[in-house]
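So this first bit is one chain, no partners, the form predicted alone, shown in structure tokens.
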Amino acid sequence: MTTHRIRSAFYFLIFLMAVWLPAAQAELALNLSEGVTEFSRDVYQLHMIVLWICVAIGVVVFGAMIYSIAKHRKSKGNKPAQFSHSTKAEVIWTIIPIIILIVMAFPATRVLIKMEDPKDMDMTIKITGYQWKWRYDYLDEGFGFLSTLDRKSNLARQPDSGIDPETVPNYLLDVDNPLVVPVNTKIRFLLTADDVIHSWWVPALGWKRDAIPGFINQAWTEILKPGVYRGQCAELCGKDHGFMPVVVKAVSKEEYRQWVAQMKGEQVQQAKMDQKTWSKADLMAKGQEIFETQCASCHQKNGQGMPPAFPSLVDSATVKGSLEGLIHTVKFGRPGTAMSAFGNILTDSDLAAVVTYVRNAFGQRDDTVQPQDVAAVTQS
């Protein structure tokens, strides 16, 4: 009995240290974070209000129980009262919880209404989920780009990669192209998906939204503090669900304007790249990079795949067969299989590069595909 009491006292002391010592509280992260948006801080305040109401209820209820147990225990000669029920008590313990719920409902309703009211927005960004990547379209600026798990993390996660994940900064939580937004700007997000249900979630923003094929969800945010904020897809969306991070980079308005100008310049440059004639060496180098980023998650870096869902590409009929057929498969996908369409994700020059790489690396062919060849292949 003495040992049990000593152990209980030790656990209780540890609990007090975790709650009251600032260093311990910071280390154990016992509370929610406030986030970096006005809405996330409203949610945090709502959480604290409800928490302290629950604490007060707990103190009253358990305090009354402990007092009653100690004051009216049998060892002091007390005998239990004989009664079946008390109408007055039942009315009281029904009315008081109703009042408490109404009190909590007012601030909760205010926050929910605010969350669903994206009026007076300064800009709009469309977010589209794919297996397993995100596309961001800046509707006001007229450009967009793909955001995929960064190459270092993607290589490190491959079977038998020989890379220690501990050596990769922000392993599985970094991307090649983050979503860049200005601070102190009201931003409306339109969320959808192209294949299955995804969920776009950045904890620091204070909300998450499902991205559903054929449906558009709406959300908004206004980031108050510059920084890099990370999240993930929060809906089980298939084999690589765990490798679909979200990175939001909030910058000053001046930095954002400079970034937009840079992106528009790159868009013009990309249009030129889709018109030029590429050398085979350049296509192979670019194609390998795209394959390892976009295709290796299913077909593996060596092209061996993971049959039967993800077949091997090495010496396959698809790779060694008709060149036009291979372009069609990569560009428009293959209905009824796990092969997605990349025509609305990658540019013509990207598609030309990856088809050239696959054709030569896994089909033992000596072919070169140009962007113009990709553009000539249409959906039949």
Partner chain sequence: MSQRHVDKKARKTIGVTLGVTVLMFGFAFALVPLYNVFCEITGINGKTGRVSASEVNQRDFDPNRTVVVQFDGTVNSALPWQFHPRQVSMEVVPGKLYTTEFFAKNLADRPVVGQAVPSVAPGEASLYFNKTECFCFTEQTLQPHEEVWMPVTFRVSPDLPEDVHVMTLSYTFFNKGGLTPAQEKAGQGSHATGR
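Numbering follows the first chain given and starts at 1. Every value quoted in this text rests on a predicted model; they were computed, and no experiment measured them.
Not pictured, yet referred to below: the form predicted in complex with the partner chain.
If you check the partner chain in the predicted complex, you find a heavy atom from every one of L139, I216 and Q379 within 4.5 Å.
This chain appears without its partner; in the predicted complex, the one residue of L190, M273, L155, L224 with a heavy atom within 4.5 Å of the partner chain is L190. For the options L346, L323, V314, A341, the residue carrying a heavy atom within 4.5 angstroms of the partner chain in the predicted complex is A341. Residues placing heavy atoms within 4.5 Å of the partner chain in the predicted complex fall in a single listed stretch, namely 190-198, out of 265-273, 286-294, 250-258, 190-198.
Proximity of D282 to the partner chain in the predicted complex falls outside the 4.5 Å heavy atom cutoff. Contact check for N302: every heavy atom lies farther than 4.5 Å from the partner chain in the predicted complex. Contact annotation: R151 falls outside 4.5 Å of the partner chain in the predicted complex, judged by heavy atom distances. In the predicted complex, the partner chain sits beyond 4.5 Å of every heavy atom of K186. Contacts to the partner chain in the predicted complex (heavy atom within 4.5 Å) from stretch 90-118: D117 only.
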